[in-house]
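This document opens with one chain alone, in structure tokens, the form predicted alone.
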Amino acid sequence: MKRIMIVMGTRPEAVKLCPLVRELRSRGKHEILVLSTGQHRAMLDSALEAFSVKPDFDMDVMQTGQTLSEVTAKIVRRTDELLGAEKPDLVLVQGDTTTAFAAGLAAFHRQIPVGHVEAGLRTYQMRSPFPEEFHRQAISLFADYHFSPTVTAKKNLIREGKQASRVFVTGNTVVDALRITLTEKKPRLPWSFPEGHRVIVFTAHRRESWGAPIRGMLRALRRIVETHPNVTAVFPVHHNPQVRAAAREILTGVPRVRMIEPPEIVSFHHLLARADLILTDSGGIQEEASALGVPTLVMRYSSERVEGLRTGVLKLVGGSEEGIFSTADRLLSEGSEEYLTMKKPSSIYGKGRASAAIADVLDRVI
């Protein structure tokens, strides 16, 4: 029996790795150790609870005002110490977070094989998104096994020189998570909206959005609800102080904009499924929206989720106030053909079997 350490630190990582933890533990072929770095404390814990996953180790690395370098160094140092003590046969990381990069680097330094879940996503613009694009490219340099969600992601890795025999197309585990949260779980928040209202879900939190960009996004949202009296917007406000300050300044008192604390993941997934339109700068929500078939405006100038753009569910609109407002205004117009062509579920990220596919590979290679 091999020891596999699965590392997570943010809510998106928990959402995408907990289904894999459940799958691997259900098979009983390997000893599964879960490490939480606590990079996003409260939001991470609620996601772990939703999937009934309890970490074996918890670093609790976050402190107010830390720089990226400080967080990275802390995770590398503490993960290195833990790896020395526990000696796993494989370390699994997911995506492009500081946790994934730092924990993977610590494993590489210990010459412990690294598996990268959601490998091969690229914008090829090192500062867009920042620092995520650097993280995912760097992880690909030292990873031994690459679990790509799509053929496009695999092609990126092959083009970069990765061995084809080490790259596996599995689908995205976020679809596995949606299957669990929408069919097995009940939301804590029973969403209700005025009859006949269309619902917008708005999220913005990325580092490159802080400052002037996010203010433009918020002003665009305000104009949308003021222009369309039959629209209600729900904005789960990220815990980052810069995001919260801008939201309070621009949206406080605006009718039909509900600013709420980030709901636990089950309620949030049910909210996404209820939405008529999503405005986001998130990466994972692009995948969730594609699977659900909810038209989504991506408030960024580049996206690594190119498959969702190709299917038409996603539309890249940039971060300017006018670009966001004008596109949303057009889609919300009565009988918009453009909106109807976007409203279609896609299986581009798989059918909810990614965790099983990854587990099958691990059973063979370790």
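Throughout, we count residues from 1 along the sequence that is shown. Keep in mind that what you see is a predicted model, and the values were worked out from it rather than measured.
From this point on, the text means the form predicted together with a small molecule, which you will not see here.
Stretch-level contact check against the small molecule in the predicted bound form with heavy atoms at 4.5 Å: of 306 to 314, 23 to 31, 329 to 337, 36 to 44, the positive one is 36 to 44. Although the partner is absent here, residue 123 lies well away from the small molecule in the predicted bound form, with no heavy atom inside 4.5 Å. The small molecule is not shown here, but in the predicted bound form it comes within 4.5 Å of a heavy atom of residue 240. When the small molecule is considered in the predicted bound form, residue 98 lines it closely, a heavy atom lying within 4.5 Å. Residue contact with the small molecule in the predicted bound form: residue 179 places no heavy atom within 4.5 Å of it.
This chain is displayed alone, yet in the predicted bound form one of 341, 52, 63, 69 has a heavy atom within 4.5 Å of the small molecule; that residue is 63. In summary, among the residues 219, 155, 207, 258, the only one with a non-hydrogen atom within 4.5 Å of the small molecule in the predicted bound form is 207.
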